[in-house]
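We begin with a single chain expressed as structure tokens, specifically the form predicted on its own.
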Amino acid sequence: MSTRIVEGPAKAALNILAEDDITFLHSLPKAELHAHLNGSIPLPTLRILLEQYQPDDLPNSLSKDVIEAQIRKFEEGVGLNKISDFFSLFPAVYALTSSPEASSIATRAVLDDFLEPGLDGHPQATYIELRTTPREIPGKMSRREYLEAVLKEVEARGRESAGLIVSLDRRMTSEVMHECVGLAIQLKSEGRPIVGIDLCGDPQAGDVENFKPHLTQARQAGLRLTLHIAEIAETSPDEHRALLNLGPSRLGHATFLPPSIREHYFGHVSVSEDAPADVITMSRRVADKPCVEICLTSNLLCKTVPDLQAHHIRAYLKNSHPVSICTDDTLPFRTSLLGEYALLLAKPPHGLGLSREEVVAIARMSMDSRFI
């Protein structure tokens, strides 16, 4: 059973909704398409893993005290000044999941948290595509062993409930990316539920020209692509074009895509903020427009948007562009999928103030954008 504690923007939105609004949100089939495994481990599970943890005799091994301090920070609520602060939060989590056994426990807990009824008697999601970066711990775990530990738990849910996306971190070497894509292709050919490839990590790291051959190989092998793109304003238009030219099926965040690029690739036009969204078109799967994975709380807390009223979801909805509402990392952002949907429905300033019809259309687009 999920014991997720929701705080911050999602809690504020939930608190102002009427009971029948909550019932309505629970009733919607919802797909979670952008959830990072290690960023979504429930706090009670981290405590269990800490009890089992034995530090290695390695120079960079973390002590139990250091890990305990980081868990307390998660419990109290982390503060971020900019998106780059986010990437320093996870060494303790990685230390706790540095064996196949621990990775299996963590994966099972995350899947339970999303797919099993919580304290309110309802599951967060109908379906989840969990994503994770293959990890190697010399002498303890190979990348294949890590993926197999995660896949075992995903397979236990059935393909109608869960799939796995293999993430490539922008900080990886070309050799490691080649290995990870090769593993994903091999495991998919063995019938394992790997449904796609993700590009993630520090948006200021790496060179897109080095990523392209590996992402192209994955797509040619039948794996769908979802790419973190335009997460920071400083990213060059050339990088946006290079990634979009790979033909991704979904885009992660797409916060700072310039209007000129959106118009060129997706046919977007300048639309008045007062213009209503075209709900009928919104709810229709548009093959030539990659679904944008929107993570509202994540954007607010990482300060990539100043507030909900300035959120880029508005530009995508005004242009009838498919979107999917997701949580990103429930551990640091202390949110839930229900809480993210509450941010759609709640009235400003606590939410976007969308109609129920619009929220239904968005939920339908999420289900339609699954890689299965």
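Treat the numbers as computed from the prediction; the structure is a model and nothing was measured. Start at 1 with the first residue shown and count on from there.
A second form of this protein, the form predicted in complex with a small molecule, is not displayed here; the remarks below concern that form.
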*Since exactly one of Leu345, Ile325, Ile313, Leu37 fits, which has a heavy atom within 4.5 Å of the small molecule in the predicted complex?*
Leu37
*Taking 4.5 Å between heavy atoms as the contact cutoff, choose which of Glu136, Glu148, Glu239, Asp169 touches the small molecule in the predicted complex.*
Asp169
*So in the predicted complex, does any heavy atom of Phe90 sit within 4.5 Å of the small molecule?*
yes
*Should Phe86 be classed as touching the small molecule in the predicted complex when contacts are defined as heavy atoms within 4.5 Å?*
yes
_Just checking whether Glu293 would be counted as a contact of the small molecule in the predicted complex - the rule being heavy atoms within 4.5 angstroms._
no
*Any chance Glu231 has a heavy atom within 4.5 Å of the small molecule in the predicted complex?*
yes
*Specify the contacting stretch among 126-134, 67-75, 152-160, 260-268, defined as having any heavy atom within 4.5 Å of the small molecule in the predicted complex.*
126-134
